[in-house]
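Starting off, we have a lone chain in the form predicted alone, written out as structure tokens.
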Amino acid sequence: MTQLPLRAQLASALGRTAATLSRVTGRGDGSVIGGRVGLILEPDLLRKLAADRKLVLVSATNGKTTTTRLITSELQELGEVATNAFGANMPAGHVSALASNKQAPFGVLEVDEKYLPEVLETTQAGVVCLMNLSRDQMDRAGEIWLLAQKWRRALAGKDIHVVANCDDPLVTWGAMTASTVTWVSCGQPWKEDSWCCPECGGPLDRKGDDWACRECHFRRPEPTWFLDDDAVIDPRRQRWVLDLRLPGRANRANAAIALAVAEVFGLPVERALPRLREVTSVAGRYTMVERDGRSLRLLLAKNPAGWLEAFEVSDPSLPIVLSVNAQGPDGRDTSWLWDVDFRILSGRPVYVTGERRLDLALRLDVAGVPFQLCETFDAAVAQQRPGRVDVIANYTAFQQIRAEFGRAV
């Protein structure tokens, strides 16, 4: 990489020091504060740190952190990779990630959907990965059609290779202005946010994963990569069994996207896939932790689409603890709970906790799902018999639980 200017070097060094102090004092992992300090001293630090690197930006409503981890894992086959592994997905987190590994020729950055145009303009990344869009944190992010429109404008006229999920109409609409697009069919289980055409507003006709507008030309493009149950079919129609250690269909979809990204970098599936199979946990997601003879599996779900994925992974024979907060990073509006079909939990012992446990309790009561209300997460765990228990929590509730177990990863 080109040598950083002296001011950028100083800003980068002081940012790393602030991040280290944050970790040592137990205030956090340092992935945000380090970047903030660096940007105060050198507002153009992200642009300078990104220069001369081969960068991938990963954005979606669900699956950003996991897909970032998978792409990072496979690109390590080619060399060192700088990445924001713990999900600090705004510019301060990107600065911390790139500053922590200044010599890495590759960078894989998870990017908040709202910040993608800004980060793309600043970093001039050559590859962008787009997976899904659904309503999430409406009080902060706004209407997802507006996000798709911002993506569309940001990609237009730029020499960028986009890897995108063509089964999501909003993602397709946002991605199609890019100069080069690799279309991947990896499914869209949650369809409630995309029944209308973003091009003309007309109704979308759907058959399986295929879709087309009834009133204009807009339709699903032909994919070159396909998720096929437990395998991925590549552009040469060769079928590769994934055999991941991460559970669930959503992670198989993430892997399909990751393999398509690998090919953009000239990395063949036979070299990339073994790397994906090594990943067992992502920033605490899917981690098993122990407490007093109980084995707790931690699952993160931030919005209706994410809860649908978590229910698919969870074991219906086990008791389940649900924890919901509504702090800033979660979005303060909990009305999304009414979009989640909690009836799937019928017949399971359900324990409800978190700062907004009463909101969740009301939703479960209306759904006809019996539950037990618990003041704290500890109280919910204490009521479990020794054995396995599933835990589903939204963002800040999940981070609080992780902190109790030493931020297991």
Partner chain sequence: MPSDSALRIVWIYPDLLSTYGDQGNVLILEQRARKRGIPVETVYVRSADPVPDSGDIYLIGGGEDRPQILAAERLRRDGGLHRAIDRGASMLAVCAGYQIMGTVFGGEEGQPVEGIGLLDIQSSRGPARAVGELAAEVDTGLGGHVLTGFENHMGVTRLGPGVRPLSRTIVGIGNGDGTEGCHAGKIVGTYLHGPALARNPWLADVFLGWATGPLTPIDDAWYDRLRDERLKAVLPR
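Since this is a predicted model, take the numbers as computed values, not measurements. Residue numbers count along the first chain shown, from 1.
Omitted from view is the form predicted together with its partner chain, to which the following refers.
Checking 358, 379, 51, 344 for any heavy atom within 4.5 Å of its partner chain in the model of the complex turns up a single hit: 358.
Residue-level contacts in the model of the complex: of 207, 245, 214, 237, one residue has a heavy atom within 4.5 Å of its partner chain, and it is 214.
Partner contacts here mean any heavy atom within 4.5 Å of its partner chain in the model of the complex, and among 363 to 371, 380 to 388, 65 to 73, 52 to 60 they occur only in 363 to 371.
Not one of 88, 112 and 115 comes within 4.5 Å of its partner chain in the model of the complex, counting any heavy atom. Residue 252 falls outside the set of residues with a heavy atom inside 4.5 Å of its partner chain in the model of the complex. In the model of the complex, its partner chain sits within 4.5 Å of a heavy atom of residue 198. Proximity of residue 203 to its partner chain in the model of the complex: non-hydrogen atoms within 4.5 Å are present.
Under a 4.5 angstroms non-hydrogen atom cutoff, its partner chain in the model of the complex has residue 332 among its neighbouring residues. Residues 144, 145, 146 are the ones in 144 to 158 with at least one heavy atom within 4.5 Å of its partner chain in the model of the complex, listed in sequence order.
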